[in-house]
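Just one chain is shown here, as structure tokens, and it is the form predicted alone.
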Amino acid sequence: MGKPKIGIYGLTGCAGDQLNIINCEDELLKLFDIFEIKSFVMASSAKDEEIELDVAFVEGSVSTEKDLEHLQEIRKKSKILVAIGHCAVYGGVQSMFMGNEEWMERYKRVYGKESAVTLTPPLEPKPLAAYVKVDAVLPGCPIEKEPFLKLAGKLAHGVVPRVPDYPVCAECKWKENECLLLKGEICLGPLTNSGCGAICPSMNIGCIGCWGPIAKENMKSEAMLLMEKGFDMDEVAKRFAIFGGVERAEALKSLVSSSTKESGK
């Protein structure tokens, strides 16, 4: 059958996901032995963009017309497309206050009038799935070494993995961590995809949701709990927006407002 041919690409983002792949160090040699790397500009200037790929890993959000063109080219030549990192999967922090029709005004305040911009025309930052079919995802900001190697191993055996459908709280319980919500810390673990190994809560730092929201999040229960604990709900809404976007933050505010009216407070 030969080695699977793969490409690793980056759109608009910090390149942290590609860097963490390079940081696999000893395992990287095995990775290059198992796969035939056809394009990975962060690791090598040698590349072949004409050949069909078995798997393409893409990080970064679609934030410019050039990003979109590049993504569509990658999708066309790839059998399997994997979105890696929060930007590719959910849009990233650059999309946290998007969706309110004000993004172009902010863009102009930073770069000047649109006519004066000579770079590729901008787009409202969105995840890959907003434009093309995505076959698998690996969340994280950035992705972690172990989950990436597990993902690559499964793909090498022809298995397309899925993101776990249980929250970070499950990983905290497996590690016997004391719940930070009970210690007065804002934590989005109940609403966040697992897979990170509960790194932040294990260090007594509240989860900020960088693995993205679980498919069936019970935002209402989380909002009620945070209200009961007396947290500043404006601060909580900001925490929701970082990796969940403005729509998720607005949904939280709406729940809080409705509950406040019902309780007569």
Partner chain sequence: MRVFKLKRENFIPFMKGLSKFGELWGPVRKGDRYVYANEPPEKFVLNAIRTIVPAKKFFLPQKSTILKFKNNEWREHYDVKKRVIFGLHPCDIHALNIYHKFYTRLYPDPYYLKNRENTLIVGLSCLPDENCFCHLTDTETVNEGFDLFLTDLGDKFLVWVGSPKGDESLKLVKDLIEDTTQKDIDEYVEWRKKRRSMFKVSLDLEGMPEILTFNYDSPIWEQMGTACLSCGTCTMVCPSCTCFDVDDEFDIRTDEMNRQRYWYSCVFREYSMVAGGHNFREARSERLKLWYTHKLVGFMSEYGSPACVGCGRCVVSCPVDINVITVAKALLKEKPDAFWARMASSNVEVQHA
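Numbering follows the first chain given and starts at 1. As the structure is a prediction and not an experimental result, all values here were calculated from the model.
Below, we turn to the form predicted together with the partner chain, even though it does not appear here.
Although the partner is absent here, Asp165 is a contact residue: one of its heavy atoms lies within 4.5 angstroms of the partner chain in the predicted bound form. Under a 4.5 angstroms non-hydrogen atom cutoff, the partner chain in the predicted bound form has Asn218 among its neighbouring residues. The partner chain in the predicted bound form comes within 4.5 Å of a heavy atom belonging to Glu27. Of the heavy atoms in Asn177, some are within 4.5 Å of the partner chain in the predicted bound form.
Residues placing heavy atoms within 4.5 Å of the partner chain in the predicted bound form fall in a single listed stretch, namely 230-238, out of 230-238, 37-45, 205-213, 63-71. No residue in the set Met104, Cys141 and Gly197 has a non-hydrogen atom no more than 4.5 Å from the partner chain in the predicted bound form. Screening Ile186, Val132, Ala170, Leu123 for any heavy atom within 4.5 Å of the partner chain in the predicted bound form leaves a single hit, Ala170.
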